[in-house]
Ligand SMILES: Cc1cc2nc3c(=O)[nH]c(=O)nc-3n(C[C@H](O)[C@H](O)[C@H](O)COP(=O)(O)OP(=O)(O)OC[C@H]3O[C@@H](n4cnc5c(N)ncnc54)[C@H](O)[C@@H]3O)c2cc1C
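In the form predicted on its own, a lone chain appears below as structure tokens.
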């Protein structure tokens, strides 16, 4: 790891210890997104991780971004997911050749404005090609109508990289991508979801009602947009898996610390084989998930197709994280349920991770299709 990359990991650890861990429980109690705290993290460069230095970014590799995601998620998965989403929008603006899009970058990486990606709809989640938000051509551009749902940062975002259908008859080949400004006429925020946990994600829905977009607002045309979305999702699956490593590691650390201090039958509870072995299983799953996650990161960094490596990591995360955290709670006895410990928050976010950017069942379908095609 280069010195600059080691430095950002150290900065991530410091941010976790000084901002995330002391405040995450309060953020959850308030059931809102901690906008000012997000801006503190953004001011430290965490919305510019993989952005090129010439654009004001830190320029680290995707694999190193995964390390940052894991480190921050140990403090708060939901906060980290929200933060990374604004960074992703800055990176998408950098991919564009349009000066209009690139002009958004300074405001995004300074925290002046916040961003989000909008794919999912009330009737289209893992089946991305089924989206119905429609772009109808009009003089000078398009009129957009439809509803997006389960969108991270809906509560606070100013810019939404939004995928819409331009020609329903063409299926995925008709999907285009536009930059939507929430401050303009035709955009309306809808419900912000009250979830069992993970409130700092700010998930909710928004409505487009004759929202006008011009040619300048087009980020990617049909076909190109869908392919770009698939690459975006592969990256998201990898960093969600990294964040699951973070909540699992945090849970294990708390269970071990408790097990060393708490005595039962005249000896530390960690000395009881049944409890110790249950935590060995957790530690093993963390190591396995890290290996799968970094394998996906290596594919992305090398420019190779990361579809299956990312699906393996995301599938294993969805399968392993909830039982691992549950085992850590069990190892702490009833004390594991106390809100002074983060395990309850981690458990809720691990369940969120089993749905976001493709459900565990969808990963099975994706991987299964690949297995079958290899024998045809």
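Since we're looking at a predicted model, the values are computed, not measured. Positions refer to the first chain, counted from 1.
Quick note: we don't show the form predicted together with the ligand, though the next part is all about it.
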remark   = Given 147-155, 133-141, 214-222, 300-308, the stretch touching the ligand in the predicted complex at heavy atoms within 4.5 Å is 147-155
ask   = the ligand isn't shown here, but in the predicted complex which of 72, 119, 159, 286 has a heavy atom within 4.5 Å of it?
value = 119
ask   = Ok, 9, 19, 352, 367: which has a heavy atom sitting within 4.5 Å of the ligand in the predicted complex?
value = 352
key: 4.5 Å heavy atom contact with the ligand in the predicted complex for all of 126, 201 and 356   = yes
ask   = So in the predicted complex, does residue 250 come within 4.5 Å of the ligand, heavy atom to heavy atom?
value = no
message = Just checking whether residue 195 would be counted as a contact of the ligand in the predicted complex - the rule being heavy atoms within 4.5 angstroms.
response = yes
key: Close approach of residue 85 to the ligand in the predicted complex, 4.5 Å, heavy atom   = yes
